[in-house]
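This document starts with one chain, in the form predicted alone, laid out as structure tokens.
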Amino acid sequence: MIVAETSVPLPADWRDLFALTKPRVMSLVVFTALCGLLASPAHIDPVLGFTAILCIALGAGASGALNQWYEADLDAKMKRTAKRPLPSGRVDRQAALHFGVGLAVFSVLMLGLATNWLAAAILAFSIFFYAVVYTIWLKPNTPQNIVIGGAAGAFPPLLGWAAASGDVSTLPALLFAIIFLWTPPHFWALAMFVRTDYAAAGIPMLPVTAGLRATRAQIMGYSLALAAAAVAPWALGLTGAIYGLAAVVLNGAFIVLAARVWRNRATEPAHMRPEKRLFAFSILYLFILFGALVADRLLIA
């Protein structure tokens, strides 16, 4: 694409606006929200269910757009994010702000009208939490940013459940806890082999501020806590054997990979194979675990 030398920004391509929504992150949001909706004991009309998932996806996209709007200058300093639409100049910053706010308002209102206002309120809070609490306050100021900020990504199954049933009970709360505890080992595994990017941008990620050894110990600790949370729905009798077996096997594998990260002493990204394997497996882990939950609930029903 050739950008003309003019003070008037060119109209954004639809693909650039789509990229602002962080579609890779959105895919996980949509999947876990759908699992929360299907795991709910309430039955929802398929059209309303589709509308609910669409609204949750649009809300996640709004969070991503607002995050990229605020972090455009930081993204320009990082190799991993420098080609995003805003730092590369393909989207005007004001247009990104309007796009994000518009998506946020539309998604919340539509979810409230289509399902219930509890789900809409949770969606509104999740957008605010990610765009303001995490992006503006936590991320640039504390190495615990991803720990507290992990709550932002843990809302989707809670949202799906609330959209279907109009309430929140023990199981969706545990699903929230699983994603909340999953986020630190997942993200820190990535942050360790791209820590120079974060250091260059001045973002206080744990591998930058506390070092690799402390980060590896934290990954091990959170992996053990994650295992306890993931097995809890089965131990409490809230799910059946399919989920229970999946939880035991997946968390056993997760702990083995986390232990390899803990024992690793490499400081160069080229030698961080355990970290890269844990990061890749952690994505697969969440998809299989939540898929097993849905299979378990549908078979029981």
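One rule holds for the numbers: they count along the sequence shown, beginning at 1. Note that this is a predicted model, so its numbers are computed, not measured.
Separately, the form predicted in complex with ligand HEM exists; it is not shown, and the next lines address it.
Heavy atoms within 4.5 Å of ligand HEM in the model of the complex are found in one stretch of 94-102, 210-218, 149-157, 167-175, which is 149-157. Contact annotation for residue 80: at least one heavy atom lies within 4.5 Å of ligand HEM in the model of the complex.
Put simply, residue 29 is close to ligand HEM in the model of the complex: some heavy atom of it is within 4.5 Å.
Using a 4.5 angstroms limit between non-hydrogen atoms, residue 279 touches ligand HEM in the model of the complex. Ligand HEM in the model of the complex is approached by residue 190, whose closest heavy atom lies within 4.5 angstroms of it.
Each of 24, 134 and 286 places at least one heavy atom within 4.5 Å of ligand HEM in the model of the complex. Taking a 4.5 Å heavy atom cutoff to ligand HEM in the model of the complex, the contact residue among 119, 206, 179, 86 is 179.
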